[in-house]
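As a starting point, one isolated chain is supplied in structure tokens, in the form predicted alone.
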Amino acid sequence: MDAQTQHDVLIERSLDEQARQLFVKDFRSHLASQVVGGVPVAYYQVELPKFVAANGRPPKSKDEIRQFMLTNPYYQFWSGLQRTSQEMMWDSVIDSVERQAPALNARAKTLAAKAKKSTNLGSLRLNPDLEIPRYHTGVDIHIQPGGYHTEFGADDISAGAIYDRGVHIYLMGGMGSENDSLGRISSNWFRLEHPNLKPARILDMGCTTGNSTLPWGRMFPKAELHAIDVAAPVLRYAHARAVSLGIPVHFSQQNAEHTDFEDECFDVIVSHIMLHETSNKALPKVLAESRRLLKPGGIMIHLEIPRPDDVFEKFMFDWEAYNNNEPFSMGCRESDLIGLAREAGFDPEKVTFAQADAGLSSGQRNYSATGFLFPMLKAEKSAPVSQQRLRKAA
């Protein structure tokens, strides 16, 4: 059964297309629940004893593990199938999008025109002169053909349509019926941690199709909600999708390293698994820009990919970097995000990590036997001394 929520720009599937996409989804679930479990068996029962016998010690790093696991037949078997399932996923979705592209683009334009005539359906602001950063143009992230930014015609939304359906298949429905679980995690966590804060202005960085943005709109319906991305096709799609689902969002085509928003204009800044798709040079700039944009006392939350402690789990999660065009995922996972946030100017005493359980089943975890814990880098911009004194006095 397919549980993805229908909206006006979600692709329609013929019975054959539906069957094909559900097969890929179930195939990936089978790999995650039945096949990948043999990889740790191959490691702990076959390769690790051989390594210890030859070296008199266990592996010190994931790179040492990688050197001998790449030649293990079972790992090769699983890895080949995992990569194949990713290619099958995009192929199955792209066929549906190509067949409907003119109609989808027309629907998006109609929804955008509807928003322009309204005062409460959000907006879309594109910048055709924006330079797409190298970390987007250098590879097709997730091996999605063309990545997020490629346009196949005027007013194109194809990349967004591909991504929206593909993400649902990628985690086998684990992102929820609206692919919004990460946004629900971050917004619920914020509400529980700061029950008395009612943000008036919120920014979601690297929003792609807005799937993680909308839960913030539902959580804080009175807030002015903004979302940015560098890619025009996903922004057109995100805007049309938000209009269709009735959540007002102001989307704009901007690079999170440097935006055109004024200083200290947001109460909350969030991102959802965006940082690992930037670069070593961009990451400190994003954190510095977040601090510039936050009001005194404002909160920054960057939800990121899992950072396992176990050396074998680290090796397994690196599969994405080597095989799924996620080149900076290793660098981001190993970076000192707390240290970088402090260097960006945040008060060292107000920079912390939290963790959120994604609640994925064994058939949705891809590589991990223990589950997915998403770390959240949280920082509060220190309030002026006068405000701090007022808070203490209160």
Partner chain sequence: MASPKLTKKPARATAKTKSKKAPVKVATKVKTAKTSGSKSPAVALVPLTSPLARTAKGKRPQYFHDPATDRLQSMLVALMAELSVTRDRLDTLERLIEKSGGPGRKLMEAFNASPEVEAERAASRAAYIARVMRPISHELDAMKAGGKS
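Residue numbers count along the first chain shown, from 1. Owing to the predicted nature of the structure, the values given are computational and were not obtained by experimental measurement.
Quick note: we don't show the form predicted together with the partner chain, though the next part is all about it.
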| item | value |
| --- | --- |
| The partner chain: the contacting residue among Ser123, Gln76, Ser177, Thr259 in the predicted complex [heavy atom, 4.5 Å] | Gln76 |
| Candidate from Asn105, Ser187, Ser252, Thr278 lying within 4.5 Å of the partner chain in the predicted complex - any heavy atom | Asn105 |
| Contact of Glu193 with the partner chain in the predicted complex (heavy atom, 4.5 Å) | no |
| Arg83, heavy atom within 4.5 angstroms of the partner chain in the predicted complex | yes |
| Heavy atom of Asp318 within 4.5 Å of the partner chain in the predicted complex | no |
| Residue contact check: Ser158 to the partner chain in the predicted complex, 4.5 Å heavy atom | yes |
| Candidate site Leu15, Lys114 and Pro145: all three near the partner chain in the predicted complex by heavy atom within 4.5 Å | yes |
| Candidate stretches 158-166, 264-272, 194-202, 212-220, one within 4.5 Å of the partner chain in the predicted complex by heavy atom | 158-166 |
| Within 320-340, the residues that have a heavy atom no more than 4.5 Å from the partner chain in the predicted complex | Tyr322, Asn323, Asn325 |
